[in-house]
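Quick heads-up: it's one chain on its own, the form predicted alone, in structure tokens.
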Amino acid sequence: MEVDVAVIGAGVAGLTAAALLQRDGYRTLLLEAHDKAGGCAGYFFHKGYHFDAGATVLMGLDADGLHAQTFARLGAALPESALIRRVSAHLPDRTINIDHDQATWARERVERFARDAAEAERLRAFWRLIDRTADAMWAATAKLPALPLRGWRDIAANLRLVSPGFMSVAPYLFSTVGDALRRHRLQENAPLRAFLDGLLLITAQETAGRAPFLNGAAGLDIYRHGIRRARGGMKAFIKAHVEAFRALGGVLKLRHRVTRIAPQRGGGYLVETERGLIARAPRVVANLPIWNLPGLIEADLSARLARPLEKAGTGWGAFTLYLGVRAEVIPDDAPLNHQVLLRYNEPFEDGNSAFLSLSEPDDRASAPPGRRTLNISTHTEVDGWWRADPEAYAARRAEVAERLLTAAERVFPNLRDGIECQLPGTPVTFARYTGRARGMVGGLRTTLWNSNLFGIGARDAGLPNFWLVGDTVFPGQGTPACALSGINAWRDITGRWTLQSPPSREPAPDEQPSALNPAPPLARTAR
């Protein structure tokens, strides 16, 4: 096959890049190893239940959100979704209700943690700083930042981020959330610290002591800013991308695991799948974790990838318990999302901290009548799962599953009486179904030195016309972040500046490609 761009991996980043490129006339081939698109935001079916495989909630569906901007440019409708108005965090000695309503949440986050009037004032000041920083970060994200800086074009693109709000939080660029707690003399408030650490592990993959303040503030703010659940789960969200891509003439090949990417002497690449498909493309967008690149690309990348791989380190794994339950054991008015911490002063992984995500009571696209899906997930270190012999592996899997059920019973005491199906997923499971190295699906452990200005860039493989997208490059994990990485690859290839910009003119035949005048597509697709 001769194409303009080969996109490898139909996760959110790959789908976003592929659809935008196809929209702008680039003949795009999208290759996916699995039998469904979505990757870590994918889905599967079991005994009448439709489960989200990994991600369960969405951001970026508001008017200026990245997903909304993308779908607007594609001329496609966003899938139906519901705003999640409350998330409950259950600590060993208290429950905190994170409300989407700002006034309600402003009271709750002080009243549940303040031990005296003076500490209440410090808490208010700390949370005001979080709000202000998060607002600036989300506004900047809507303007499509391009980091780390790898050329003058990135510098020019980021000039649009400058605003009074952004400049007011810039001094915190080299601070952690822990630094902000110390400035407000809140570092010894153990329940507050546990609450923040639990939220930050979900959003930044690090606790307060190491999580960058700018990233952490945005992560702590996601519920106030607004998260949503698509009707029918992630399946509806992913299928909307696939339908938009195909409607524009894009070609998606499922069950085509890429086994070889060979740079060609005259430029461009040969991309080969295990089923024998060979595509020739002048450009490749790889929606792969950086750990998967060595051994896949037929070129010596050891020197080029040494630094990015060091920054990536070992990513988190996830253990997820997928439950199909009778609706009678879950109140209709229960929040769809809960976080549970069983014990203070213990590691957050392997079931001590659990995130619960429910389907809506009337969501027939997710569960049969009178039934609901419930995903319970926890962080886990990946290495131990691969070192264990079969007996030890089975014992550990049963142990973590039991802890997750215990955590869920804190919220739904009669849960076990209503379970109709139960499936555990370990890093070994995720490696099998997602193809990610060692099942590292939890994203990078975000620190000051592997994010933002010092993050892993889309072009850090050092190959010409090769872009790496997904959750191991800037800006990191989460569907809006992955979408932004795909958008940045599209922007590099097309020379566009924003999703709202009108199509630029075609280059004249005698014009030479450059950063601002990219090589035109081999063929245009009629729309």
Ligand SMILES: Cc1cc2nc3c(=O)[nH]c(=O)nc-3n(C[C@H](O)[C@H](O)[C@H](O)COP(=O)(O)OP(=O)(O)OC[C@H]3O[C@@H](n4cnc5c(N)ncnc54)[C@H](O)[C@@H]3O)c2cc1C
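Small disclaimer: the values here were computed from a predicted structure and weren't measured. One-based numbering along the sequence shown.
A second form of this protein, the form predicted together with this ligand, is not displayed here; the remarks below concern that form.
**Q** Could you tell me which of 472 to 480, 457 to 465, 43 to 51, 491 to 499 sits within 4.5 Å of this ligand in the predicted complex, going by non-hydrogen atoms?
**A** Result for this chain: 472 to 480.
**Q** Can we say 11, 55 and 318 each have a non-hydrogen atom within 4.5 Å of this ligand in the predicted complex?
**A** Yes: 11, 55 and 318 each sit within 4.5 Å of this ligand in the predicted complex.
**Q** Looking in the predicted complex, any heavy atom of residue 430 within 4.5 Å of this ligand?
**A** Output for residue 430 is yes: heavy atoms within 4.5 Å of this ligand.
**Q** Using 4.5 Å between non-hydrogen atoms, is residue 487 touching this ligand in the predicted complex?
**A** Judged by the heavy-atom cut-off of 4.5 Å, residue 487 is well away from this ligand in the predicted complex.
**Q** I'd like to know whether residue 359 contacts this ligand in the predicted complex, with contact meaning heavy atoms within 4.5 angstroms.
**A** No, residue 359 stays farther than 4.5 Å from this ligand in the predicted complex.
**Q** Within a 4.5 Å heavy atom cut-off, is residue 371 in contact with this ligand in the predicted complex?
**A** Because no heavy atom of residue 371 falls inside 4.5 Å of this ligand in the predicted complex, the answer is no.
**Q** Note which of 211, 285, 218, 441 lies within 4.5 Å of this ligand in the predicted complex, where distance is taken over heavy atoms; exactly one does.
**A** That would be 441.
**Q** Pick from 343, 107, 257, 307: which has a non-hydrogen atom within 4.5 Å of this ligand in the predicted complex?
**A** Among 343, 107, 257, 307, a heavy atom within 4.5 Å of this ligand in the predicted complex occurs only for 257.
**Q** Given a 4.5 Å distance limit between heavy atoms, list every residue of 29 to 43 close to this ligand in the predicted complex, or none if there are none.
**A** Contacting residues: 31, 32, 33, 34, 38, 39, 40, 41.
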